[in-house]
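Okay, here we've got a single chain as structure tokens, the form predicted alone, with questions on binding and movement later.
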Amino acid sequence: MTQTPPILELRDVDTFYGPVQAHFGLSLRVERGEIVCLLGGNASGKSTTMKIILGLVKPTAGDVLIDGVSVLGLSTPRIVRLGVGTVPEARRLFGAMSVRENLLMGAFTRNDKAAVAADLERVLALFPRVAERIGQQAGTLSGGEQQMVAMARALMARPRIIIMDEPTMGLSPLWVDRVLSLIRDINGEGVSIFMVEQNANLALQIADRGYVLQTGRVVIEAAAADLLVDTRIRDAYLGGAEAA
């Protein structure tokens, strides 16, 4: 029986910024339906990992695969068309545009207007707070509301996996809980999630598995439940001040 490949896989990736090496043989995977989190301190290579997956940075060696097919050299729009959504760090909304316009930007690779309209209704049902702000300029929303719009925008591309970079950064504790709950809801609809998250404790509570990245190397890979009780993780990332 042929084994189904992971929806996302990085194999033996080396990355350089000029003379500085950011990754050393980085390998990780996300299986269909999983929530996988990537933990690590500053300058560990987390953000570069996200950029590589989305085609914004090309590794020096190794491979990036979606459904077992290499995407190296493809443009970001081509990668999005393969079913990869993105929620970038700091939301990156178009502040002068309405919430509706921002959501429709998430469907920029699609030509099926009727299906896009149907998906907009579905997304608004999942994010009622976004529906309430549909005509408002995105730049006038609170940080938590903007994060919801960014997540809803990602869903408008009909992704099979969403790449999230620090989805709770800068949010109040109440909004952190709401956003993580919505991530679980999105995953419940069959969308795989790969996220870098600064709040390691809460991220591991909703994740299936986790990787710990240290100076460009994966030093720990384990089930999220095991990472929560791992003394190395608790001391380095679950103590609050040093959470990555």
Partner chain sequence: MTSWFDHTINGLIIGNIYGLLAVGLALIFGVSRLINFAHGSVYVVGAYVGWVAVSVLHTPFPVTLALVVILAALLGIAIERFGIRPLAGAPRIAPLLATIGLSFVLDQTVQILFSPDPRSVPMQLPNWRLEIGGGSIGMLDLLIGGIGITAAGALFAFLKLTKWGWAVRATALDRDAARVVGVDVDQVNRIVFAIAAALGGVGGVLVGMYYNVITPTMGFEATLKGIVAEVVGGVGNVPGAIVGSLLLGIIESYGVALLGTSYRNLFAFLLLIAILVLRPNGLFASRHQLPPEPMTGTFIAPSKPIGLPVPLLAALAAFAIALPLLIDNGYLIQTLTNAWLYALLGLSLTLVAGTSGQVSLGHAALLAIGGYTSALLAADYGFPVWLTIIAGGLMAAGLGTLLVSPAFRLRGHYVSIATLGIGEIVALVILNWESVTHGPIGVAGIPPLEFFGRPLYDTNAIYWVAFAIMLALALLQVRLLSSHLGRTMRAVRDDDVAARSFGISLNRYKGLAFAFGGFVAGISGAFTAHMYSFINHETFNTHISVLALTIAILGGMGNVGGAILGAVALIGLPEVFRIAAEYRILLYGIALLLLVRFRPQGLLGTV
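Numbering follows the first chain given and starts at 1. These numbers come from a predicted model, not from an experiment.
The next section is about a form of this same protein that is not shown, the form predicted together with its partner chain.
Novice: I need the one stretch from 197-205, 48-56, 174-182, 28-36 whose residues put non-hydrogen atoms within 4.5 angstroms of its partner chain in the predicted bound form.
Specialist: It is 48-56 that comes within 4.5 Å of the partner.
Novice: Counting only heavy atoms and a 4.5 Å cut-off, does its partner chain in the predicted bound form sit next to every one of F94, L104 and R153?
Specialist: Yes: F94, L104 and R153 each sit within 4.5 Å of its partner chain in the predicted bound form.
Novice: Please tell me whether any heavy atom belonging to T86 falls inside 4.5 Å of a heavy atom of its partner chain, as the geometry stands in the predicted bound form.
Specialist: Yes - in the predicted bound form, heavy atoms of T86 and its partner chain come within 4.5 Å of each other.
Novice: Just to confirm, R110 within 4.5 Å of its partner chain in the predicted bound form by heavy atoms?
Specialist: Yes, R110 is a contact residue.
Novice: Could you tell me if T76 has a non-hydrogen atom within 4.5 Å of its partner chain in the predicted bound form?
Specialist: Output for T76 is yes: heavy atoms within 4.5 Å of its partner chain.
Novice: Could you confirm whether V80 comes within 4.5 Å of its partner chain in the predicted bound form, counting heavy atoms only?
Specialist: It does: once its partner chain is placed as it appears in the predicted bound form, V80 has a heavy atom within 4.5 Å of it.
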